[in-house]
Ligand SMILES: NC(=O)c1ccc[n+]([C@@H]2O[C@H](COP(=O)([O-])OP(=O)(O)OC[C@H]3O[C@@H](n4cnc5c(N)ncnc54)[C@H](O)[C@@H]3O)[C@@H](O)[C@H]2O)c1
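First, one chain by itself in structure tokens, the form predicted alone.
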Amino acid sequence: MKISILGAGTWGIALAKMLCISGHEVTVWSALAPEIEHLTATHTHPIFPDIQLPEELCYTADTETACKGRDVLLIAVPSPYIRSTARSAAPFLEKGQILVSVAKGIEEATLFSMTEVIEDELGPLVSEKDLKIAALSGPTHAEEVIRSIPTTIISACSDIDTAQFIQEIFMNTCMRVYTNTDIKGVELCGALKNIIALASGVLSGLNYGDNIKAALITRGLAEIKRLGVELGCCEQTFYGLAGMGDLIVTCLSVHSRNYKAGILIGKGYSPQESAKEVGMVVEGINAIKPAMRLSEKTGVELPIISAVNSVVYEGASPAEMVDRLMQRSMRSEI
């Protein structure tokens, strides 16, 4: 397959390396010319200086070059840039291409998932050019994928044939791929688990131990599931790799930027200081306001996410928010 990765961050580069090793013809695009110059000259990524990327990988800052003649376009930019990236690619899209989002987020203005943002931005082009739009999500930190450490992921698309096509492309000895037609549920899991991971980090920063983190993950999943079911998603999605699987790894892994940012917040850093210290986009912070709007829109209570919102955007004390959660009135839920 001829595949382009739109986005040269850690996740895009990890997937580019994996796909290239699997025998695909892979081009990496970035809007930042210095980023492309560095990759071309060194065949290394600044975050992974010890990893030599395959010589066969190609790099470009030209959108037309990245899009034309490609079977699959992987959109691997941070969630705030999904719409602008789709807009820049639109004039060069060709009939029958598959666009796959690997970003995790919710657009604040529209409350759209990332694939919904792409579809909305492309408009009539989707049907005119018979474009397919899918998502990849699951417990897959770039730091491990780029080192060919085994993991699993979900190929999600409302069209099962497209989901299975993507499954075949990505399946190899270090990545086992499952399929799911509940693309909204898969993407909702990917966005909201980052907020729960912020909370998990806060608990670590407060030195609150493991018991409460186990409870947080369990109740966090219940919270995400309640909202998802209200939005028409399949309940089973939340118990699978996109839900529980991704939630566990993001809430506990040393590679999780959301968990790291939460630790710093728990230790007294401001959210802005923590994001700067992490040095990469902290998607959990971006997802909080859309999640709160979804809660208001649906009437579904999100107590953990509401507590994180209070800490990040209202200046509340992390310890006080934990106390408040512990003393909430009881419900009959398991």
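Treat the numbers as computed from the prediction; the structure is a model and nothing was measured. For every residue, the number given is its place in the sequence shown, counted from 1.
Quick note: we don't show the form predicted together with the named molecule, though the next part is all about it.
Participant: Taking the partner as it appears in the model of the complex, which of 121 to 129, 234 to 242, 73 to 81, 207 to 215 has residues with heavy atoms within 4.5 Å of the named molecule?
Facilitator: The contacting stretch is 73 to 81.
Participant: Which one, Val249, Leu99, Ile263, Val102, lies within 4.5 Å of the named molecule in the model of the complex by heavy atoms?
Facilitator: Looking at the other structure, the residue within range turns out to be Val102.
Participant: Give a yes/no on whether Ser30 approaches the named molecule to within 4.5 Å in the model of the complex, heavy atoms considered.
Facilitator: Looking in the model of the complex, residue contacts with the named molecule include Ser30, since a heavy atom lies within 4.5 Å.
Participant: Do Ala8 and the named molecule come within 4.5 Å of each other in the model of the complex, heavy atoms counted?
Facilitator: The answer is yes: Ala8 has a heavy atom within 4.5 Å of the named molecule.
Participant: In the model of the complex, is there a heavy atom of the named molecule that lies within 4.5 Å of any heavy atom of Glu116, even though the partner is absent here?
Facilitator: It does not: once the named molecule is placed as it appears in the model of the complex, Glu116 has no heavy atom within 4.5 Å of it.
Participant: Using 4.5 Å between non-hydrogen atoms, is Met280 touching the named molecule in the model of the complex?
Facilitator: Contact check for Met280: yes, within 4.5 Å of the named molecule in the model of the complex.
Participant: Are there residues in 154 to 172 with a heavy atom within 4.5 Å of the named molecule in the model of the complex, and which are they, in order?
Facilitator: Heavy-atom contacts to the named molecule in the model of the complex: nothing from 154 to 172.
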